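Take a look at this single chain, the form predicted on its own, given in structure tokens.
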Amino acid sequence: MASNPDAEIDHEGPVTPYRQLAEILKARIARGDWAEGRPIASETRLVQEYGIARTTVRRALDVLVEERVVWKVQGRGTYVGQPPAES
């Protein structure tokens, strides 16, 4: 499902909030809000921006990691794309 990068979370809709957020974040990445290899907004920022729980944000980010849209660096953040190859 293609999503509007400016959409808000619909808590009454049939799609779970974490899935909605995952689609919104993918749309924002596609729009160029965050460049390849650069960090996206922090979990705290996403919690504030979308008015949802941190666990919901984490689930959405986990979906994007599974889909290989982003990768996480503990203590640093979530980055667009795939991690650089180890040399």
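These figures come from a predicted structure and were not determined experimentally. For every residue, the number given is its place in the sequence shown, counted from 1.
Another form, the form predicted in complex with the DNA, is not on view; read the next lines as being about it.
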Is the gap between residue 35 and the DNA in the predicted complex 4.5 Å or less for some heavy atom pair? no
Exercise: residue 31 in contact with the DNA in the predicted complex, heavy atom 4.5 Å: no
Under a 4.5 Å heavy atom criterion, is residue 68 part of the interface with the DNA in the predicted complex? no
How about residue 27 - does it come within 4.5 Å of the DNA in the predicted complex, if we only consider non-hydrogen atoms? no
Using a 4.5 Å cut-off on any heavy atom, which residues of 55-83 would contact the DNA in the predicted complex? 55, 56, 58, 59, 72, 73, 74, 75, 76, 77, 78
